[in-house]
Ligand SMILES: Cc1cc2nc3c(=O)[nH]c(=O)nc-3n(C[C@H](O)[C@H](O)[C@H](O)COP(=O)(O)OP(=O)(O)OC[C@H]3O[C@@H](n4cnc5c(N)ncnc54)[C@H](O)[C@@H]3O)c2cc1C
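In the block that follows, a single chain appears as structure tokens, in the form predicted on its own.
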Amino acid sequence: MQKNLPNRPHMVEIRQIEQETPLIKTLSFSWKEIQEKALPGQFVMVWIPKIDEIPLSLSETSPYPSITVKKVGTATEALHALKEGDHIGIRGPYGHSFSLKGTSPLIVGGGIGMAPLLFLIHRLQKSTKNLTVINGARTKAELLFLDKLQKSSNNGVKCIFATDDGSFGEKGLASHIAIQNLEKGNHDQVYVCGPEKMIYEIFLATESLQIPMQASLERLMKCGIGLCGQCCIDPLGYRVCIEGPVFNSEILRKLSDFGKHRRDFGGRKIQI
């Protein structure tokens, strides 16, 4: 029945839960269709029974599809309270994915923005031997996927860690370290996800250096299927849930809201 109703939640069992940082958990669930269809950068709508439905990026599809969740509000607190064997509703995958390009790509993630990038890293590992990843957070304790990325370092991925307080890796903002790396001229494609001010700063650098970039943007989403208009970005009216969440340089340079404004729950524009 549900196969004919793709926009109804499909109830799945939580198979594994991993505590990534003090405020972030990865929940893995069983659904073969998502494993086969999902692409890096896409998201799913997650229904927590009796609580709410929220959009979350897929952080992996193997051995199980996974969502990585930061505890920031009622819905995410409810997800963090779940245990293995509990059930949630999933619909998707939705959205425009990353395009796998470049012979020497640079991936930059800030905070929870690393979530969709882990999926991308694993896919790019199969097609390039010159992959560099910059993972930034305020402190070592907040570095997402630290252990996983350190293991990737042993498999040919160059990983650079950045913390605002210098507690691990290089001291400084991930955006500044990324720009320093880009100025060396060693990268032909950039992928970014994280706070939009960080994304915008890196975008300006890639434009100046004429390096193509793909960025995953975050906006409030209510439906996930392009009907409510909550996630529209001006002036083109692109919906993050349909035309995004991944946008390339060609589109980003046309979006006046990018790096400057987003809409609140009432649809009003607010400064980022």
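Start at 1 with the first residue shown and count on from there. Fair warning: this is a prediction, and the values are worked out from it, not measured in the lab.
Not on display, but discussed next: the form predicted together with the ligand.
- Contact with the ligand, judged by heavy atoms within 4.5 Å in the predicted complex, is confined among 150-158, 110-118, 126-134, 175-183 to 110-118.
- With respect to the ligand in the predicted complex, the three residues Ile54, Met221 and Arg262 uniformly fall within 4.5 angstroms at the level of their nearest heavy atom.
- Though the partner is left out of this view, Thr76 does reach within 4.5 Å of the ligand in the predicted complex, counting heavy atoms only.
- Residue contact check for Val72: one or more of its heavy atoms lie within 4.5 Å of the ligand in the predicted complex.
- The ligand is not shown here, and in the predicted complex it never comes within 4.5 Å of any heavy atom of Gln214.
- Within 4.5 Å of any heavy atom of the ligand in the predicted complex lies no heavy atom of Pro65.
- Using a 4.5 Å cut-off on any heavy atom, the one residue of 237-251 that reaches the ligand in the predicted complex is Pro245.
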